[in-house]
Ligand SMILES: NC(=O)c1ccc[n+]([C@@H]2O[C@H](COP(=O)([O-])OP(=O)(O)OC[C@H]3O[C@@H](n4cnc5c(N)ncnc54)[C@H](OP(=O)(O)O)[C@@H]3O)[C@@H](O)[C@H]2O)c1
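Taking the form predicted alone, here's one chain by itself in structure tokens.
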Amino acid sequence: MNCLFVGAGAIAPEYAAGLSGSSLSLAGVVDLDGDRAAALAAAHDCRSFTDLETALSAVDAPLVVNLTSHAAHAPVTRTALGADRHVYSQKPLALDADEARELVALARDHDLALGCAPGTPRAPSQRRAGRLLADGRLGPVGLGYAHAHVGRVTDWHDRPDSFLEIGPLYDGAVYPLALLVAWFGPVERVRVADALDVWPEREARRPSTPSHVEATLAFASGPTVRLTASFYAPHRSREFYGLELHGDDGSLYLKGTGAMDTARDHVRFGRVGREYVSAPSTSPEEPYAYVDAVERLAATVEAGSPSRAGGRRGAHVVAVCNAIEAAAEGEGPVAVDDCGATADPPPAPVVRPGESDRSASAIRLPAVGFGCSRYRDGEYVERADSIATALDAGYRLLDSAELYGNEHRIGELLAAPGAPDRERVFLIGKAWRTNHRREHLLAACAGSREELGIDAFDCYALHWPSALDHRGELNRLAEKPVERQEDLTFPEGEGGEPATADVSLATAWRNLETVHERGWTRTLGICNVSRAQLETVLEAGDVDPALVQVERHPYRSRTDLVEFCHERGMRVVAHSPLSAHGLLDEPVLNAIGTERGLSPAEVVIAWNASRGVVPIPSSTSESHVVSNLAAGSERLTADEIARIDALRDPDFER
């Protein structure tokens, strides 16, 4: 779609920079400064103008991108809408709420699209924070603190006059306001506000409106947020565009409501009683570009349903700013018109296991899971704290087993305030080798479900393909003496050899299917198998495995098995992905990591994720817990994957 840029100032090249990778093209540029218009137009091989009316009549551009100064936004948008052009406007939509509502009404009457910056509620860190919020982790949100420290515009902008005329509300506060409205819906009233004219005496150019504003906002959906907008507080202060939300069950911190880039530490979560933990992205992300919002608006036009949702939100933000000014002048609590604005939060992440029939390909797994085994470095250790950290960081696959003896601890964590909802966590359970007989499998699964406090597993699996003699129930192994744990889980015969049970793999699998028939698990799985053993299961059963879990790392890549599983719609989970001796000292992993800014461990996690395999690293270090999860959002190139594949060692033994 052709666009007409109106305004060729500092922000215009930022919008223009993204055009080449979009479905949009620049057909003309208008600016009162003819030289500025001509320079931008020349860079994009289009016409330039100094008069808007002339440009509208001369250029075939259905969409006007309004990049003028703050006070000019409303009149330019009105002119463009009057010429039957769709409009995307820089913020604010107007400086007066009545005028903003009139623009929305004009767009509606002409069936035109009307969008308004900022589009950053859809930027990666903001969407990540929004998904965490929608995940229900905070519980009901009661309080928030939002900052817009625009800073001394006379220091960092070559043309600060427009900013000084309108103040920090209409330039800076729009970022947290737009995001909060996107998440919670409209502000109902401004409870209280204050404004200051604080400014350095040495500055010759001064704001013509208050340089620092604070207000307390009540949202119709419940939260109360204290907003600070300032030209006086430097934009390099600790809080630039930071936002902190507090709920009954936890808190969320977002480093920048207006940020366009993203980093693993930009979003942090802390459940009540625990410290904040970084919540990194779990899938690949691209930085937000200015033109993205324009392209989305154009897509609604091409689809035949021109959107005005952005215009309505922009009008409501103006109404909030107007109400803050009125409250600061002593008018007391001021009601705010919603202007038709509605919440538009990102959806919460949901894990939806597929039905376990002969095609198990509908199963959905996150890129990285968390191993809950208690066995570390030759000792049994308590894992409750690290599992809680993993949940807070955003892990949504937990690999549990009755052998680990801590299912009741996991159940307590999942039931605690601030935990993700059950449908948003994929739980793997595993029956130990001593429970392959039908009655033992049923008892083991029932006991695990009770310990975890769940109705059904997302996947219940055989921990190993071969059976051992049953010597007793394995409930709460972690609370038993280590010697008793060993007697129950690794029974020995009179000569000290493993005490095996006469239960074939085919029989054990058919016994496992009984668990599925009773509705105690949504899918079935098998662990630590060879391809031949997996084929035995496929031939023996009526329900195919949805998930196959094996040891996998560069020394033991199991490529044939992985391809075999993927061809049949079975997902592969990699246990022990980082623990092979010497692996993390491999030069090739260090080299790739140096090129990408990753640790060798993160490279291995990314190598698995790039092949569609879900690694389940286990760590008791918070920094490693977070970095392992973040590495799942990385995707390696084919060359990098091949270099790592070359580490395969056919003679590897643990």
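Residue indices: 1-based, along the sequence shown. Computed from a prediction, not measured in an experiment: that's the story for all the values here.
Only in words, not in the display: the form predicted in complex with this ligand, which the text now covers.
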Is every one of Cys372, Thr620 and His624 in contact with this ligand in the predicted bound form, taking contact as a heavy atom within 4.5 Å? yes
Can you say which of 300 to 308, 442 to 450, 572 to 580, 230 to 238 gets within 4.5 Å of this ligand in the predicted bound form, counting heavy atoms only? 572 to 580
Answer with one of Tyr404, Trp183, Tyr170, Phe457: the residue that has a non-hydrogen atom within 4.5 Å of this ligand in the predicted bound form. Tyr404
Can you pick the one in Arg437, Arg122, His212, His463 that has a heavy atom within 4.5 Å of this ligand in the predicted bound form? His463
Within a 4.5 Å heavy atom cut-off, is Leu584 in contact with this ligand in the predicted bound form? yes
Does this ligand come within 4.5 Å of any heavy atom of Asn528 in the predicted bound form? yes
This ligand contact at Asn608 in the predicted bound form, heavy atom, 4.5 Å: no
Is there a non-hydrogen atom of Ile592 within 4.5 angstroms of a non-hydrogen atom of this ligand in the predicted bound form? no
When this ligand is considered in the predicted bound form, the residues of 545 to 565 having a heavy atom within 4.5 Å of it are Gln549
